[in-house]
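Have a look below at one chain only, the form predicted alone, in structure tokens format.
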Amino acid sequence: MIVNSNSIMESNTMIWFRKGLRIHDNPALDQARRGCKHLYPVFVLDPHYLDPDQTAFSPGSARSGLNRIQFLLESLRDLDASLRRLGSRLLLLRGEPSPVVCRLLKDWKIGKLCFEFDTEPYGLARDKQVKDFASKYGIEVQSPVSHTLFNPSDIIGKNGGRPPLTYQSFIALAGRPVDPLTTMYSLLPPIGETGDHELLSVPKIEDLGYGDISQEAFSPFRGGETEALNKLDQVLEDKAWVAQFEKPKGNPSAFLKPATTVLSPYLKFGCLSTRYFYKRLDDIYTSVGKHTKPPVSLVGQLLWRDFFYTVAFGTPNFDRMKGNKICKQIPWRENEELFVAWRDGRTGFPWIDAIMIQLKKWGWIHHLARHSVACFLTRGDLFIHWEKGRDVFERLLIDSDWAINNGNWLWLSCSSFFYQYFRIYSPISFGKKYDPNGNYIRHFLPVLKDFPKEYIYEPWTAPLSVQKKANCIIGEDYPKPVVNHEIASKECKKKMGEALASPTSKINPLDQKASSSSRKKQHHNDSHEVASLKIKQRKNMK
């Protein structure tokens, strides 16, 4: 019997998972399952993302700390379990993703390839290689947008080919997102022949060559779609809290029960559909009637996410200062000793250090905690380049997201979007107003746990007798402050003012005016800058 190879290819489809690690509201999966005889669900383990890098400052690979690797593996394990319940499974391979996928397309005679559209530069370059290969061999490619509420290209097109640079202008262009898919699957098409390709099971982190990690503190947040949907249900159970949710309100020192949803890691990996999240929130708003509005509401936070994705997608060199037309050119100083002290939680400011220790141990910190340490590193105290801090967050955060991480560092360093550089977080009093007893500091910096509360935020001011009683001598058991905050903050303000006044800063006055106006309308959404424009908060936070 003669078999037509073209008909075989037409009946074989591959769904290539990267993000979008879920079954619910997954347009790429939905398109892939339609009209095919065999469905190949594929994920490629990238050695650069997983293999240990002994030169990195924290345990992990060249691209990620252990917490995010762990979260990814848990998400893959959950996805595999979900696929198995549908009569399929996750086909896991190892190698450089683009060449591996191209080889599979040919060897498995794939006629249609489906994957979620990726907006990041790395993803766009990777996907172009695969699409070019598919085009050469006549393989159909479908790449729907589902990681964001809106297609960034559509928003940019509506704005005359330029990304909107203010939240309000983005909202005016965006409209309402399409509803999520409601398709429920009972069975997926079976997997076809896989030949001699080595198919792996999802590894445990111990299997990746990290040696003894028994002493490592891992994030308390588990990965996967199942966990994401359970967390979403728990969050939305309290409709009053959802309806009244408002940033900038929230306690950055709350760690036993974080004062926010902690759903960002699940959105980052696509374990939770942003459209499904939006729809569930919208249903609650409809049922309760009165609720907060964007930019401070929960829906407002999802829109902020899309805003940054859109600006990042439409801005060349968005992730750097040089060559970035929307970024101020600021002469940040080089000081590796101060940077390492900040990175390792050894600045001598307990509020800052506790946050950095939580980041290292948990892979997650509250958004206001992120603001505190970002301000301290850049325009607040140390005047060190935001790209250095961005790299630390990119490595350690389990919700590290290229567009949002870079966007927030641009914002918080007053390099773009936000320009009120004179508004500085105090590394002493800002945390104290939320946690006067210093419980957060005592938990993450146990060396300070026996300090009286009047000294817990400024232990260097404690008399030597108090330090001895607390079994912690400042300068020996815990470092002295690396800078004098009062002096350093004044110097930073002076440098920022000079940088903005310089013609080389390349700040468009019209853009600055528009952004300032937009922020006033938004009441300074604290998801991206703590400063509210209320008169009572206009003084420097101390």
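Computed from a predicted model, the values in this text were never measured in an experiment. Start at 1 and count along the sequence shown; that's the residue number.
If you look for the form predicted together with the DNA, you will not find it shown, but the lines that follow are about it.
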Query raised in the report: Is residue 347 a contact residue for the DNA in the predicted bound form, using a 4.5 Å heavy atom cut-off?
Result: no
Query raised in the report: Does residue 147 make contact with the DNA in the predicted bound form, using a 4.5 Å heavy atom cut-off?
Result: no
Query raised in the report: Quick one: does residue 411 come within 4.5 Å of the DNA in the predicted bound form, counting heavy atoms only?
Result: yes
Requested in this report: Considering only heavy atoms, tell me if residue 406 and the DNA come within 4.5 Å of each other in the predicted bound form.
Outcome: no
Query - in the predicted bound form, the residue from 343, 367, 390, 442 that sits within 4.5 Å of the DNA by heavy atoms - result: 367
Query raised in the report: Among the candidate residues 314, 248, 164, 192, which is the single one with a non-hydrogen atom no more than 4.5 Å from the DNA in the predicted bound form?
Result: 248
Query raised in the report: Want to guess which of 101-109, 270-278, 175-183, 425-433 is within 4.5 Å of the DNA in the predicted bound form, heavy atoms only?
Result: 425-433
**Report entry** Contact at 295, 304 and 371 by the DNA in the predicted bound form, all three, heavy atom at most 4.5 Å
**Finding:** yes
